[in-house]
Every structure is written in C-alpha cells, then in structure tokens.
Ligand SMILES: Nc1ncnc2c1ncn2[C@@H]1O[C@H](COP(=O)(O)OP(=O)(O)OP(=O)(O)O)[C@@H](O)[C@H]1O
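Heads up, the chain below is alone and in the form predicted alone; it's given as structure tokens.
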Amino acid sequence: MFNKSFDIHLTFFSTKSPQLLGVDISSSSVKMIELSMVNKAENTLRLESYAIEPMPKEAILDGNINNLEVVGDSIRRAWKRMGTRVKNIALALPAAAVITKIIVVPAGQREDDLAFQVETEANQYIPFALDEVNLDFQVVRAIPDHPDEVEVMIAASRKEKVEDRVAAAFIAGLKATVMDVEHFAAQTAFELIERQLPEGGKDQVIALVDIGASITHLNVLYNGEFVYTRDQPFGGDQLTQEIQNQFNLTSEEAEAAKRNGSLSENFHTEVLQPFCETLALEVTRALQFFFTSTQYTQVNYIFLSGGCAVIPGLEEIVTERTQVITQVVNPFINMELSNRIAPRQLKIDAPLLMIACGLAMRGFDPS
C-alpha cells in the first residue's frame, strides 16, 4: 500500500501554471506530451516530444487506479522516453469521477463571497461531505438577459480519486500541479481543430467520438460548449476479443497482432469489417439518443479519436451509416514539430493524444 499524505491544491479549471507535461492515464496506456510556445502573439505551439507507454491490464479498472506502483512505473517509463527535464504535469480524471453543475449567482461578488456561495450551493448537488471532496469553480459567462447574474460551473471529485493520480505521479518522480477532467481537456485540444472548420465551426453541432478500450465516449459541442455527453459500452477490446476467437490466440497475442498487422487476409473481411460496421451502428445509436434528449436535430461533423480511429476505412463507414461528414482528429496538423517527431508515426498516434494535448496546453493558459 502506498502510504503518503499529500497537500493537494489542484484545480479543475484554468490556472496560470509553469510549463507542464500533459499526462493522460487510460485503461491501456499512458500518453504524455510536451509542448512549447513558439509565438505567443499568434499562439503558435510546437510539439517537442510525446510518448505512448502501454500499461498492463487491470492496472486501471473502471477509470480507477487499481495498482499504484504499476501505473507509477508506466508514467516513469513514458517520462524517460520523452527525454525531457520538465517534471510538472497536468492530469485528468474521467468524467464519471467528477460531478459538474452549472449554477446561477449574482454578478460582481468578491472572491470570498463567491466561494462561500458556491460551497453552500454545492451541498445540494454533491452526495458527500465537502471535506471528502476536491471542489473547484469557475465563472462561465454573464447571462445576456440578466446582466446582474452569471453562470458558475462547479466541479467536485472524491479526494481519493485525485490523490491516487497524484500518488502515481509521485512514484514516477513527477509533480501533479493541475487536475483537469478528461472531456474538458479534449475540448481544449479540439480548439486547435475547430479553427480549421468553415467560420471556425460557428453555429455548428460537432460530435467528438472517443473510442476507448471498453467505452466509446460521445461529447457534443455547440459554439465551443458541451451540450451533451454519453458513454456507450463498446470499444477496442471487442476487436481484440474477436481476434482471439477467430485466430485462437491469447489476449496478449491478439493485442499484439492487432497492433502490428500480422493477421491473415481474411481478418479484414471476417473480423475488421464487421467490427467497423458495429462501431458505426453504436455511433448512430448514440446520436439518436442525443437527438431525442435535446432540441438538436442534426450533427454537422463527427470527429473520431482513440485507438480505433485510425482503422483504415472507418471514417467512410461512419459517414455512410450516419450521413454526417466524419474525420479523424489530429490536433497537431498546423502545429510546428521538433526534429524528434516522425510525422508519419504522429499521424497514426494523433487520435490517441487529444486528452494529453489538451492537458499540456494548460501550461499556456493566459489567466
């Protein structure tokens, strides 16, 4: 058992921070990114280095750290591969581990008064004692029709969820200084992609579909704000399981074969194509839930991320099934690259790096 007490002062929202490494801890790997600012006036970033370090199964279960030492060792190996001296990192919690709520409060309050009101309001929405949670808040925007009021977002998570990730970083010899939420981090990175859309994506409904190992996350954005989120119990593990069954392999052998493309030709027709069709059907179902749960009736773009996003032909299959323009995300497409980055490999890896990229960008928050 890892036994250390942490004095944690982490924030879920924007804060001025020293240069940070973005570290995304998922159920299958640790993704780590280092960015630098090339031109502050033009907000031009450069990707200095990145690493994707596979992690043993069972180290993360249902988004929770199950083995601190294993996760810490994976973070350490990723950091060593990066060849960086930066030791401050930004981490993220899965959305399921964080309670978020928008509240409306009077505008123009002093910070202390606002904090007191937020804590009072939080008691109504958080099913735990406040001394058991890490709580943060941010003023989101003024309300146009009510200039004397503002919207404030509250975010809270059980302290042990935060402390586990901080402890894993400590084991790796790193210091966690920012704790974000995964879909907020992905939203930050998506700003780099949104700029490339006509009129910067203004008034467009955009679906971000992250295909993880066991869960496919749907997050829908409209003018830069989340309007819907949903998780579907489907992911890359299903493809690994089908490879096991079809080719009589162990789980480890199936995962390796999936990654290195060493399977026979009938893999594409008998395993991969049906998997892609099922995945496209899951995306369609998720969108139908979105339409029936909100006032929106269409989606203008779908962007795919996660390990399965780069499966050849998947975006065409999703486009055909949903009748929505579908693309694979690449937040680095207009970013400068250091000479340590192999562009061809980065194009393959980019869909896995959205959250880590958004976390690394926290080091350049203007506030």
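Note that residue numbering begins at 1 and tracks the sequence as displayed. Computed from a predicted model, the values in this text were never measured in an experiment.
The next section is about a form of this same protein that is not shown, the form predicted together with this ligand.
- Among heavy atoms of residue 212, some come within 4.5 Å of this ligand in the predicted complex.
- In the predicted complex, residue 28 approaches this ligand with a heavy atom inside 4.5 Å.
- By the criterion of a heavy atom within 4.5 Å, residue 259 is counted among the residues contacting this ligand in the predicted complex.
- In the predicted complex, this ligand lies within 4.5 Å of some heavy atom of residue 236.
- This chain is drawn without this ligand; in the predicted complex, the residue among 163, 255, 136, 73 with a heavy atom within 4.5 Å of it is 255.
- This chain is drawn without this ligand; in the predicted complex, the residue among 311, 59, 45, 324 with a heavy atom within 4.5 Å of it is 311.
- The stretch that touches this ligand in the predicted complex, counting heavy atoms within 4.5 Å, is 300-308, out of 37-45, 300-308, 329-337, 315-323.
- Looking at 55-75, no residue comes within 4.5 Å of this ligand in the predicted complex, counting any heavy atom.
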